[in-house]
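One chain comes next, on its own, written as structure tokens: the form predicted alone.
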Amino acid sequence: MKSSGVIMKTVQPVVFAHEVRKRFGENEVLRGVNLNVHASEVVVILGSSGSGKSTFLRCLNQLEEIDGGWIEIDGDPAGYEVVGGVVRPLGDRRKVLQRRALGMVFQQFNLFQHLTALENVTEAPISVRGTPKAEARDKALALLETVGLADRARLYPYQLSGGQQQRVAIARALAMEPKVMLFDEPTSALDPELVGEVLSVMKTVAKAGTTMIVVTHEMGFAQEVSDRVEFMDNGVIVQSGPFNELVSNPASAKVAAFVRQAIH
């Protein structure tokens, strides 16, 4: 975390991405992305629309299959296994189990509309992890308290504001005890007056030492919370470093223009 002043790095990164490539037809969206993220780091990915940010997160979470390169999550190859020196793809069931290591919060809230806030948070731990219902309920209530929604536990999504729904989505992702939290423009679907409440929860999650990769245009969050910023352009990372360095010493005219427009 930035506020601590010191990042305790493990020997190997929790997220290791090497020359990751992804294309959709003739459109090569990712052209060789390299990124290492260590435990408790908060990394913010910036860039213009269409630069590949969201696609990269989806590749990390195996929602998209990469066309080249290599991804490891806490030392495990994402989507593959190595047996006797031979690399082979995992089946769908193994991929689902692997995906539990990553919690993802999307632009849209994607809550189950027929379940209460509490039930949304307990659903995956009970059905996927086999957590006893009472234990899952106690943990879910604690997480809803963390995101400031303990008094909304029994309400349905339609009874909640957009900001409240997104906070439930964060609690739901945290309930699976992921090694890394991925946030894909988590405030972009919110009315301006609701953005602050979601960013505040994300700051709380970061201060707890959670490893986070955040795609956002919220420059204040990037400055205050991130350990470093990665700037993507045309499917590659073109600048990496502290936020203030990005602002004071942009690596290209494209970076400078983005920063200037985003800040002003």
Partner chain sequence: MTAHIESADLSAKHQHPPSVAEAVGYWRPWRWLVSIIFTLLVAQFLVTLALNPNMQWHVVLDYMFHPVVLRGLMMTLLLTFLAMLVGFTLGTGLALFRLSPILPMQMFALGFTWLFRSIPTLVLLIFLYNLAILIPEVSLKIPFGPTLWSQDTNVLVTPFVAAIIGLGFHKAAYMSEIIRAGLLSVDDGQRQAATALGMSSGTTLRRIVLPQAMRVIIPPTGSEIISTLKLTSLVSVISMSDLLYTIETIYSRTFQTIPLLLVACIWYLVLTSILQFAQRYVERYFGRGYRAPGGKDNRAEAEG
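These numbers come from a predicted model, not from an experiment. Positions refer to the first chain, counted from 1.
Same protein, other form: the form predicted in complex with its partner chain, not shown, and the subject of what follows.
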*May I ask you to state whether residue 106 is within 4.5 Å of its partner chain in the model of the complex, using heavy atom distances?*
yes
*Does the 4.5 Å heavy atom contact test between residue 71 and its partner chain in the model of the complex come out positive?*
no
*Is residue 111 a contact residue for its partner chain in the model of the complex, using a 4.5 Å heavy atom cut-off?*
yes
*Looking in the model of the complex, any heavy atom of residue 156 within 4.5 Å of its partner chain?*
yes
*Just one stretch in 138-146, 167-175, 185-193, 71-79 has heavy atoms within 4.5 Å of its partner chain in the model of the complex, so which one is it?*
167-175
*Verify the flagged residues 96, 100 and 152 against its partner chain in the model of the complex: is each one within 4.5 Å by a non-hydrogen atom?*
yes
*Can you tell me which residues in 49-68 come within 4.5 angstroms of its partner chain in the model of the complex, by heavy atoms?*
58, 61, 63
